[in-house]
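Quick setup: one chain, the form predicted on its own, written in structure tokens, and binding and motion questions come after.
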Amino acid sequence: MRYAIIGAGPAGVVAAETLRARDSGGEIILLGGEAEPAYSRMAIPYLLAGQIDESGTYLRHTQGHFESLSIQYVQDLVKALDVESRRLILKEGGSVEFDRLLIACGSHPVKPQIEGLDQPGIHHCWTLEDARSIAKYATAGSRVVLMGAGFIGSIIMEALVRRKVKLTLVEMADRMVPRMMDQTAGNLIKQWCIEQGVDVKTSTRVKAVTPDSSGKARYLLETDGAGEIPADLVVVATGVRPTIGFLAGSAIETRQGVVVDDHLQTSVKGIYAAGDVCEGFDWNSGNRAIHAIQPVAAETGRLAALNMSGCKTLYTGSLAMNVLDSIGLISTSYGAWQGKAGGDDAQQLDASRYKYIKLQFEEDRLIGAITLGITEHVGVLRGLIQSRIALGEWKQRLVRDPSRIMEAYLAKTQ
């Protein structure tokens, strides 16, 4: 059996190792699109912050790890998939034939249609090469503009603050992390970041980036709502999309990502998908969703590999969940944090202490939650959402006092 895996991130690496454990004689080819060891993108902000060196981003640290498992690691991009001949066409020439294939190539950063974003000194923060370029200019006292205050942008913000730059954060939505936090929590995070020295501008759109003819800065950012902002470095973190362009015309069904069934198989038999490119099932709602977080990537990689090796294993879906550290302020969101039509919610706010909890219910079941500045019992929140426990009389107790979540958990599970 010849297995090919597109993508050397967490999903691909775990899948390759799982396949080797399941099939000692199969041929395994792992394809990574960068001239780097297999690494985790989510570790890049820690690299920029100086908390780790480049080797700290690597997914495996033993020299010759893949060779010791007889896994062939090919550093080349896949530019096309020929389903009929079961063959991958590589960017640098040549091809790879396969019997079974895993698509685990993750996402790529989105570049907004803004004049001037192709100039030197304007970078995404998505690859190790990006990190090296950013580190060159993000020195103490340099003026840095970070475009985007979503989840990824907020993680990069933390790293840039640690580098002691003069940071301006520009977000076109009306609050920070709008896909993770409601208005109350998003604005509290904004206020917290301002108090930590970050100039946060929400409801602000960048219209163009031009060289500063005065020579006082490298660039000037023309904005809708905040005038001109000088910058020595611009970091673009305005979102990512699944990397599915190479699948055009291949008969693989795609929507936002690669559509999979409850065994992580695509619309073509013998071809599977995992990780950030995989559009599977939201465990809480039953709808299709992409949950682009590393634990989900690793788990779907493992499950896909089990199915590829002939061990039929059900994929029941994953839960939307995010944990974010915004310069020391911890926030979380789980499940249907926005709520559902016909449902109700409970919340408790202490704005002066940056503490907030909001619970979402469907009948007497907890379906989603947001917390801010509250780190205790967040695992309990996730457990109640995933278990779909009927809270009974404890629902009304939580409506009156959402902080009693641990009591509710113990009462309903013990």
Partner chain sequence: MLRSLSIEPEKCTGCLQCEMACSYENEGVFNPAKSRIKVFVFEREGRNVPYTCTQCADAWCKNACPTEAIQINAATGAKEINNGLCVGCKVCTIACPFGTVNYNHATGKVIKCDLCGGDPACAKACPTQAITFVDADWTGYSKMRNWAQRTDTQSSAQV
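Keep in mind that what you see is a predicted model, and the values were worked out from it rather than measured. Only the largest set of C-alpha atoms that superpose within 1.5 Å between the two forms is called the rigid core. Positions refer to the first chain, counted from 1.
Omitted from view is the form predicted together with its partner chain, to which the following refers.
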Next on the checklist: Based on heavy atom distances of 4.5 Å or less, which listed stretch (39 to 47, 23 to 31, 341 to 349, 356 to 364) is in contact with its partner chain in the predicted complex?
Outcome noted: 39 to 47
Next on the checklist: How about residue 325 - does it come within 4.5 Å of its partner chain in the predicted complex, if we only consider non-hydrogen atoms?
Outcome noted: yes
Item to check | is_contact(residue 219, its partner chain) in the predicted complex, heavy atom dist at most 4.5 Å | outcome: no
Checklist entry - Heavy atoms within 4.5 Å of its partner chain in the predicted complex: does residue 330 have any? => result yes
Next on the checklist: I'd like to know if residue 193 sits close to its partner chain in the predicted complex, meaning any non-hydrogen atom pair within 4.5 angstroms.
Outcome noted: no
Checklist entry - With its partner chain left out of view, which of 74, 306, 117, 89 would have a heavy atom within 4.5 Å of it in the predicted complex? => result 306
Checklist entry - Using a 4.5 Å cut on heavy atoms, which of 227, 249, 141, 295 is close to its partner chain in the predicted complex? => result 295
Checklist outcome for this item: In sequence order, the residues of 229 to 258 that place a heavy atom within 4.5 Å of its partner chain in the predicted complex are none
Checklist entry - Is residue 405 one of the residues whose C-alpha moves 2 Å or more between this form and the one not shown after the core fit? => result yes
